[in-house]
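Only one chain is included here, represented as structure tokens and corresponding to the form predicted on its own.
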């Protein structure tokens, strides 16, 4: 969730200026207000309209809200305006949203994302406490200036002015003015004291209304500009091919073989050793260090298909490098499992005395594996860059636009003041577009062909085989159960490359089990890994929740009751409430025919070691397995606790999407390696759940605790689906699922 610094009332500075007869408000850090910066510079946006840092109000009452978090289908372009509108009391039908330009953020010393916030300008987190506090203040400050302007017009006390639906009313006389009629006057007003936003108990929009996404109509009519939709005068296209073995280098190529092909303009190369780089300030944006260029060759042509055909015909030879040592996925899995028995000095968690495990009545032990997985966004990776001697423009569907802005400057070797980043809408992301390596490659290509916009497009196969995948993870989990069957000690060994699976960040390791040790091994794999919907969490949820089921079985207890007993002393009642809600609504414990079963799992994303933080999701899966082993997931029930919700329908949409993503992740997804190369290249090899195969998905809101937080909902549902299905399969067939994808398992039973 995009974060802002905690601003005191004295630090909170609101500047106002008349813009085209309207009013624009900018919130800046106190220190920036005295640097002589000009908040109203010309637009960097695609449409060329003038921007103001946060909101503007025009004479026709249209309110435009600038959004510093790219929209990836999660509704931030609606949620941000909702938060402002709660205090602004404007007519919702006249509110609009625009992306906040990163070049302005740079020029104005972080007007949208001060400091080095990891999630500043990140595609989500719009309901974090700091972000909401800021946006509510923006709305309240604008409203009070409008009221003050109306009071001055009528020469009456401000206390007699009401504001609602973009209309200012003098209560004693009933006189009215529209917001747009006094916007210019309001822009000249300075308040002695900034207003205090109202308490949540008085909200009328947040938590009460469920408006549809502001951009729904534009999505339907096709008017939204995604990265693939960018069309610029004199634009050309590039088809890109990177080393098929991650980390390999281009050895040779023969451009003469394709230069005479139709439309071909140039053949260029990308060498990661050629990136000029800039002297980055100490506050380099989040993820900047993970945006490395890769060795590649690209063909530039008048049209993409011309470039693609020429690239396919181009003779190329690669130096595979060290990655070629990994001959198969099986070899890599074996190496990961073998690492679990090696001593590790990387201790993530150690409480009590985990050595007590061997003195318990019963030992439960199991090894779990989750594979490399690709984010598989619908829109292929692409980016458009125009590089000239004194300016760089990029049009990019990135998840972290502030970071991407710096990547463009870095790769072009251009002063950031001469870089202009144009955010487009994004056709799916799921973590793949967090790191700007795709933009870096596009700029690296475009700088070899300066003066014309170059739209670089990855083929589906190139994108799939050049991923930043969910890491392959192996764990060995051990628990010592005491005389009551409850775990008295727990030891977890983890092995992976990249994100560790965060087994230490669970209630089980944070107090529910008294004696704990969690360690980790970094694997020497060449495959490039990155964020994938709920990084690390998506693996550990499968592992730990399957393991807890195995402990319940060993203790002879019902899996639901076992978890409820474990959480009895956990200081976050949301976990118990979620479990009881999903169990009740799903009919947990009902009699099912032979070959059918229910499984339960619960997990939390975002708690970061603290109770009553992040979002807890509980899932019950109801499945059926034929004797021949055909699996049918009939129903997914889920309950969740994010504290509170601000938009019921948006929350429902996010949870449903996360559950279906997690379902496909568990059932189908796996990237394989052969001779160092990634095997799968398109959806014929990398199956994605079809609509007809999607089960009934029921989302229940009765697990909400009412805690004073609005935690995120996009990533948390992806975690517990897989273990719930695996646990259901066990209850239906007696076969335990300890690795994914589930489709690879023999589920037949007699």
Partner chain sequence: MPYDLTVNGQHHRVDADPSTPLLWVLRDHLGMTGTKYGCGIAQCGACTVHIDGTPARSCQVPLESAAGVNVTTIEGLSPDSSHPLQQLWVEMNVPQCGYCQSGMLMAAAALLSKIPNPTDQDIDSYVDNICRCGTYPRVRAAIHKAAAGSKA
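Note that the structure is a prediction, hence the values are computed from the model and not measured. Residue numbers count along the first chain shown, from 1.
This next part talks about the form predicted in complex with the partner chain, which is not shown.
Using a 4.5 Å heavy atom cutoff, 231, 427 and 460 all lie near the partner chain in the predicted complex. This chain is drawn without the partner chain; in the predicted complex, the residue among 490, 121, 532, 405 with a heavy atom within 4.5 Å of it is 532. Among 514, 380, 611, 244, the residue placing a heavy atom within 4.5 Å of the partner chain in the predicted complex is 380. In short, of 644-652, 570-578, 520-528, 318-326 it is 644-652 that has heavy atoms within 4.5 Å of the partner chain in the predicted complex. Taking the partner from elsewhere, residue 689 is found to have a heavy atom lying within 4.5 Å of the partner chain in the predicted complex. Using a 4.5 Å cutoff between non-hydrogen atoms, residue 222 counts as a contact of the partner chain in the predicted complex.
At the 4.5 Å threshold, heavy atoms of residue 305 reach the partner chain in the predicted complex. Of the heavy atoms in residue 106, none are within 4.5 Å of the partner chain in the predicted complex. Residues 649, 652, 653, 654, 656, 657, 660, 661, 664, 669 are the ones in 639-674 with at least one heavy atom within 4.5 Å of the partner chain in the predicted complex, listed in sequence order.
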